[in-house]
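Take a look at this single chain, the form predicted alone, given in structure tokens.
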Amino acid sequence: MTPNTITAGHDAGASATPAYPMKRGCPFDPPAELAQLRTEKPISRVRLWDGSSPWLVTRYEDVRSVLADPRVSADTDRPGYPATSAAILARRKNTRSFIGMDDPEHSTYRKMLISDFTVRRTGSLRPLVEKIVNELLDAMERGPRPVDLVEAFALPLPSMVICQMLGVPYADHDFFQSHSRALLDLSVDVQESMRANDELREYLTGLVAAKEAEPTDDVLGRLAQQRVLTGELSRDDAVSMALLLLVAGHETTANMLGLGTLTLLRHPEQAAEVRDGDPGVVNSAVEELLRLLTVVHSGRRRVAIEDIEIGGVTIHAGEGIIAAGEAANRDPAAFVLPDDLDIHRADNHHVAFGFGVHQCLGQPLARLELQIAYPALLRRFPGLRVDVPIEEIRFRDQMIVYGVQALPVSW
């Protein structure tokens, strides 16, 4: 231990421990307090909703180190794990997701799905995504103006795609989208959250059971036939996997489409380059928007299972850790002019999808959808503009996944 090492049991100024998540000033940037902590006290205690005080890690290298360290656990059942809200804490007692598990359990479940989310398998969906994009844009073009871009395009696109992949009827989108929102809303009370969780699980249980009886060529159909009926996976575990894929499969991309479009419209010269559609520029722009916006903005939650030292700070076994990807992706030690949008940024090694063994399984699908959607939207409507003052746009501050509630646009 170096002379400058701080031990977890001697954190001075506990009474001044800042609350986390912090409130934003500019809706396009993480809270300014995060940047201050990253500079002055990059590994420090924060106070959560339940009064607990896990460690917040804000520097890019430290965040990657934490997320890759086998001495750090993602197991939501471990004492000291920093729950995001009372509702999420209640839900995880009867609904465990493999993203809240450690290896080998985590990898066992993940391997059951990995073949459906490879870059090659996802690439085969390009014609489907392009078809859905064009049909949604056709409907926008025929419809009245202004139109809510979230309702007309950003939300239905990833919802239709993930429904097609999983084998979930898109006709039920009102049901599962409203229930997904309840699961991700940090202001929802425990009772409402549990009700949404139970009803969504009941719905998915029926789907999995139907696919056990009658095979279908989709992700849930393969899980039912190849895993559940063989006894390798319980139906309840299959439902937990389905719930994760359904919710994560549309919420994150939908919010990236809405917020990302708004960001591009605030930078018309860069938007024009995306509209022109050079694949290298479009791919780079997608990575830059993912980095800059980091819509999963309440940190990656972990708990130490051994004493570890990160950045000169000793974190003891049983203490919670929050790896703040939203701060890491704006770290000037990792990115030049990190608060600027630069669609030509080289070597964009962001952590928007996490890092290590738990990084997002669906990232190839998210990238494909964004790479197709942004230029197609801007080409179809070269005069696309936001129809209300920025002050009237409502942002999803209370949601686990950040974005815009609605985005009225015209052209």
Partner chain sequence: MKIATDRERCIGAGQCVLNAPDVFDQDDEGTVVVLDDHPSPVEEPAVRAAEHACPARVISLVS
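Numbering follows the first chain given and starts at 1. From a predicted model like this one, the values you see are computed outputs, not experimental measurements.
The same protein also exists as the form predicted in complex with the partner chain; that form is not shown, yet it is the one meant from here on.
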Of these, R110, R222, R235, R301, which has a heavy atom no more than 4.5 Å from the partner chain in the predicted bound form?
R110
Quick one: is A68 in contact with the partner chain in the predicted bound form, heavy atoms, 4.5 Å cut-off?
yes
Applying a 4.5 Å heavy atom distance criterion, does R120 contact the partner chain in the predicted bound form?
yes
Can you tell me whether H349 touches the partner chain? I mean in the predicted bound form, with a 4.5 angstroms heavy atom cut-off.
yes
Give a yes or no for S53: in the predicted bound form, does one of its heavy atoms lie within 4.5 Å of a heavy atom belonging to the partner chain?
no
Among 25 to 33, 56 to 64, 38 to 46, 375 to 383, mark the stretch whose residues have heavy atoms within 4.5 Å of the partner chain in the predicted bound form.
56 to 64
In sequence order, the residues of 338 to 363 that place a heavy atom within 4.5 Å of the partner chain in the predicted bound form are H349, F355, G356, V357, Q359, Q363
